[in-house]
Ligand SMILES: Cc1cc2nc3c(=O)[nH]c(=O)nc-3n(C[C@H](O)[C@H](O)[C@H](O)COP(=O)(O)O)c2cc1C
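Okay, here we've got a single chain as structure tokens, the form predicted alone, with questions on binding and movement later.
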């Protein structure tokens, strides 16, 4: 018997399995917090996927607590009818529905809400009221010093939670959840890092818990016997903040106060890279848990809380594989497992796991390109490897009205995704790859340090090519005459990109390699290396070389390295540069390369001569499809270009190209 799919109860409410969809803000609602058809379609697909309970997302209980531009709201009665419709869609597919009551506290701004920012104490999110360099703040809190709440105002906010709970019950929700983690309002009361009050709502742990306990009591009066869940940060990972030892003492108070389950996450706002030595675990300062952090980073925190309470404990935080879920449940490490980004990447994860079709699960790679990065820019979320997120009603895999003979040239992520979707829709598809293996840039991407998670996406695509009726040809050279013989209805170029080689490197100079040659292990660098280009690939290669003990210098023409990457990625590589003593020269370009010497020109006009055994080029990519050499099919064939051969970009762009095209044909 698979314990994951045993029924479990929370305060008498029966769940069909031990899997919960963790609350994730989507920005799919209206600016006033109203449920939209888009939000319903998104949640309906996750309910169809077989998860036991869905925590819809953080819903703000008062307009002053709105933290995101199009966040779900539960602060007005006129929001109830659409909330009811959302709940009906979840119930219609066998999932229980929970709503998470939320107030952003100091993690918002007057510009977003129109209200004064409030907090237990007048402490801004970041030292000096300014976010650390490179940190993207969703709510533009920089410069905002919050107002310290009065006791009367605290009582009014308790009433807001109470009224929100009433609306939740009227809308038909099965569970009411209270967000008390991540530095939002309730969390700010719990933490000595943000609560410096000397009255009844501050001081010792009981005082700091008072606001939360009053909310729980007020919610209970409104919802009767419906379960109440509370989400906490098991450790805030900031000096002076909550530690696991602290939360082990707080959790029993929450249980005694009337909570029926506790979800254990971690972290808060206010930390910066400078707060953490390089020997700290990555999850302690990368609060979005990117691929550079271990899977199930916060599990030990949930286990610690479980030791102290008798109610169900729920683990969350980069749990993304069936084997990991099974291990957690089998060994009773916690009672339920919350899947977040894993259900963005594959909403049918639970159903596939239950039916033993685990190779068909698209595993979240924790790239954060579509979810965290979009949310922290106040955009709607999606998923880099599943662009249907937020487009469930737009990108449908309906059978093609008229199946067509389709040829896809190029076996990278864009090519394989296109072939996969076209095949699922009933088109006749052949995939032609010039090299001896499929995968394209994915074959390189997972070989960089900390990027091993990407291989799971490559494995998914390769498994799909094997199980679907896609004819795959490797070492295939396709020309115009051959295509005219094939006579396809549709020709899709997904030939990817090739490293861009600058003029200074095109002469016959020894010691110049590409990042691809290093990552493939085809060639080895000398002891002293200059990496030309401080984008993501350049930083990855620099880290790999640093691990090998090389003396590395990055030369980047812009004022900062990896300028287009998410804040946690930037923070990770800032630590890498310190750890391996990698020198970074920004606003600089390579002017000339001679044997063993590289001349660098800085923006100021100054030049510097550096000795180097090897120069590694990481200056971006150019399309592999040269217009002058373009392969031309016969008449009547529609031709499309997608992915890097259209324009070199990120995985999220290549996969989105594939989905848009394949669902439109």
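Numbering follows the first chain given and starts at 1. Keep in mind the model is a prediction, meaning the values are calculated, not measured.
Absent from the display: the form predicted together with the named molecule. The rest refers to it.
Picking from 465-473, 546-554, 580-588, 316-324 the stretch near the named molecule in the predicted complex, with a 4.5 Å limit on heavy atoms, gives 316-324.
With the partner omitted here, the residue from 231, 208, 571, 103 that has a non-hydrogen atom within 4.5 angstroms of the named molecule in the predicted complex is 231. Of the candidates 497, 304, 340, 450, 340 is the one whose heavy atoms come within 4.5 Å of the named molecule in the predicted complex; the others do not. Proximity of residue 179 to the named molecule in the predicted complex falls within the 4.5 Å heavy atom cutoff. Within this chain, residue 253 is remote from the site of the named molecule in the predicted complex, having no heavy atom within 4.5 Å. The named molecule in the predicted complex comes within 4.5 Å of a heavy atom belonging to residue 58. Using a 4.5 Å cutoff between non-hydrogen atoms, residue 22 counts as a contact of the named molecule in the predicted complex. For the partner-free chain shown, 371, 372, 375, 381 of 350-384 come within 4.5 angstroms of the named molecule in the predicted complex, judged by any non-hydrogen atom.
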